[in-house]
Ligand SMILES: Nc1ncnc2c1ncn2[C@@H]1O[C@H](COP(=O)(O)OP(=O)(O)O)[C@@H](O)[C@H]1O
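Below, in structure tokens: the form predicted on its own, a single chain.
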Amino acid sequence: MSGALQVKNLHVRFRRPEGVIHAVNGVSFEVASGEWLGILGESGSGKSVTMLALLGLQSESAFVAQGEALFGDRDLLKLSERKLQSVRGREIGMIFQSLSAGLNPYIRIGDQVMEPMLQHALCRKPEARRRALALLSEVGLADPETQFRRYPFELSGGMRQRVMTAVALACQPQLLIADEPTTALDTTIAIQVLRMLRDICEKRQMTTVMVTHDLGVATNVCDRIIVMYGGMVMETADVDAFVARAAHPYTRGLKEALVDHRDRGRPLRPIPGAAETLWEAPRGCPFAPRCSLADERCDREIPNLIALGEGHEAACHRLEEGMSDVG
């Protein structure tokens, strides 16, 4: 299966008065056509920055220092802003993390769903209206005619999330990027939104990349998972291998910090410390300061991804010691 998106050695920096933050440090991955890929990690791991940079949507203080992002026969990172505008929304749709940033509070819902179709000249307004109503129904909003005329503030969080999904899908993109699509939603609504999103993407055979900090969401929705920390890939695996035999100490730390309803007697083991801001390029494993297995080599040498099985790789100098604890 050919790769719908190939990211190679991506580096993203942020200029700050205090210096330069090294937010993404050599990230590489490939998404196969029709695949649902999850990018997992704590806040500050570089996962959202990675995806925003591909579309030229990073903040003004950010810049891509190095890398490629091949989408078809084009490198997204080398496209002009005008050409990127023709790709955004039309070929690559995006569901933004913030409900307030994703929808304009002064524009009616229906107009916001029609806007991408009209902007990319896919159809005239009467047809755009018909398609928008169909989309509002497809994402699970009852009485789409009524919702069409409403403003975002008149809708619940779950309803606004469904509207943002409709906007992202309006032009039937080949690739969908969903950045924390269940943020600020309660568990029941989040499950409903994810099921709806997965069903639509499967029906349309759409390639999907979902950014999330929620391990449970990633393992229940995705086909394959990439774990990031310190702007680097720590581990990648198909979801079954990920659940059965997570290898990297950071990945296992995320699992041990998760409440497991099937093992209520197991104590939670939070990862000690907190993610650090990287004011210089990593010289070793960025997780080393928080890792119980780290030694001097971890501090001075960046680990390469090591193959552990088909489609399963992890970047750690101490994999043998770590894996000995995995049952």
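Since the model is a prediction, treat every value here as computed from it, not as a measurement. Don't overthink the numbering: it's just position in the shown sequence, from 1.
One more form of this protein, predicted in complex with this ligand, exists but is not displayed; see below.
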| query | finding |
| --- | --- |
| Contact of G67 with this ligand in the model of the complex (heavy atom, 4.5 Å) | no |
| Exercise: G38 in contact with this ligand in the model of the complex, heavy atom 4.5 Å | no |
| Distance check, E30 to this ligand in the model of the complex, heavy atom within 4.5 Å | no |
| V49: touches this ligand in the model of the complex, heavy atom cutoff 4.5 angstroms | yes |
| Sequence-ordered list of residues in 21-47 near this ligand in the model of the complex, where near means a heavy atom within 4.5 Å | I21, A23, E42, S43, G44, S45, G46, K47 |
